[in-house]
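First, one chain by itself in C-alpha cells, the form predicted alone.
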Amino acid sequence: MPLFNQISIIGVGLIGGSLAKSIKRKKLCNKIVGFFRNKTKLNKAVKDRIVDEASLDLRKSIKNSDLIILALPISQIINFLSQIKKISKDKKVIIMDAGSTKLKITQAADKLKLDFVGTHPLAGSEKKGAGFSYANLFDNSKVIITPTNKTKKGSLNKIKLFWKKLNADVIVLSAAEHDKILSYTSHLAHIASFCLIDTVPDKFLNFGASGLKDTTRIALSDAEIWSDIFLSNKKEVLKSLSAFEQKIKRIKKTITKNQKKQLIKILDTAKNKRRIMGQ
C-alpha cells in the first residue's frame, strides 16, 4: 500500500525531480503532481514522466494532496508556506521542505501553524534542473529532519518512514543544530571554493589541473541559490568564516616566518582529520 495517495512537488528541479523519480521507483504514492511557473518546463516534465500531472495554478497543484514537498530556494520556501496557508484548508496535508537551512523555515511554518516537517537531504550536485535529476540520488545519503515542538508526532514518523523507504539514513536534529553544523560542513566549503577560484588570475586558469578542478567543482553551483543559503544562515556562516580566517592567518604566519616544523604539524593535522571522512 502506498505511503501517500497524492504528492505535490513545488520546485521540480534537481532535488524535486529526483524526489519524483525516487517516489515513483519505490511506489510511495498513487499520483505525483508538479507545480510550475514555466509552461515549457511543465510540458517537458510531463512528457518525460517525471510527474503524472502538472499545473501553473498552485491551488490546482496541491488540491487533494496529502503531502506537499517544497524543493525551492530558502526565501521561496517561506513565501510558498504563506501561500499554501492562504489557499489550503486541508488540515490532513503534511508539508515538507528540502531546504539547505532550517531555522528560518521552521520558524515561519510554526508561526503559520502548519503541519510541517523540515528536512534536508545531504545529496545533490552543482548542476540544476530536472534534466539532471535521477532516481537513486538519495540512496545511502544522509537526510536531516528538523522537527519543532509543534511538529505532530504522526507526521514526523511518516516523514521518517518516507525517507527511509528512499534508502536514506535519517538523522534528527534541531533546526539550530542543523544550521550550525552545515555552516561548517557545507556552507563554508562552498564559500572557500568560490573564493579560491576567484583568487586565481584569469591568465593562469589554463594551467589549472585536477587539483584545482576538484577543489573548485562546487564553485559551479547556482549563485542565486547559494547567496540565499548564506544569507538565511548569516549568524552561523559568519562564525564558520571567522574560524576559517584564523586557520588561514596561522598558515600565513608560519610561511612568513619560515617555521617549517609548525607548518608540517598544521598540514599533518589537517590530513589526518580528512582521513576520518574516508574517500
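It should be emphasised that the depicted structure is a prediction, and the values quoted were computed from it without experimental measurement. One-based numbering along the sequence shown.
Beyond what is shown, the protein has a form predicted in complex with a further copy of the same chain; the following relates to that form.
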{"item": "4.5 Å heavy atom contact, S75 to a further copy of the same chain in the model of the complex", "value": "yes"}
{"item": "4.5 Å heavy atom contact, L56 to a further copy of the same chain in the model of the complex", "value": "no"}
{"item": "Contact of K127 with a further copy of the same chain in the model of the complex (heavy atom, 4.5 Å)", "value": "yes"}
{"item": "Partner contact for S240 in the model of the complex: a further copy of the same chain, 4.5 angstroms, heavy atom", "value": "yes"}
{"item": "The single option of N43, N64, N30, S227 touching a further copy of the same chain in the model of the complex, heavy atom within 4.5 Å", "value": "S227"}
{"item": "Listed residue that, although a further copy of the same chain is not shown, lies within 4.5 Å of it in the model of the complex (heavy atoms), from L156, A135, A108, I197", "value": "I197"}
{"item": "Region of this chain that lies against a further copy of the same chain in the model of the complex, out of 30 to 38, 56 to 64, 43 to 51, 242 to 250 [heavy atom, 4.5 Å]", "value": "242 to 250"}
{"item": "In the model of the complex: members of 203 to 225 within 4.5 Å of a further copy of the same chain, any heavy atom", "value": "F204, L205, N206, F207, G208, A209, S210, G211, L212, K213, D214, T215, T216, R217, I218, A219, L220, S221, D222, A223, E224"}
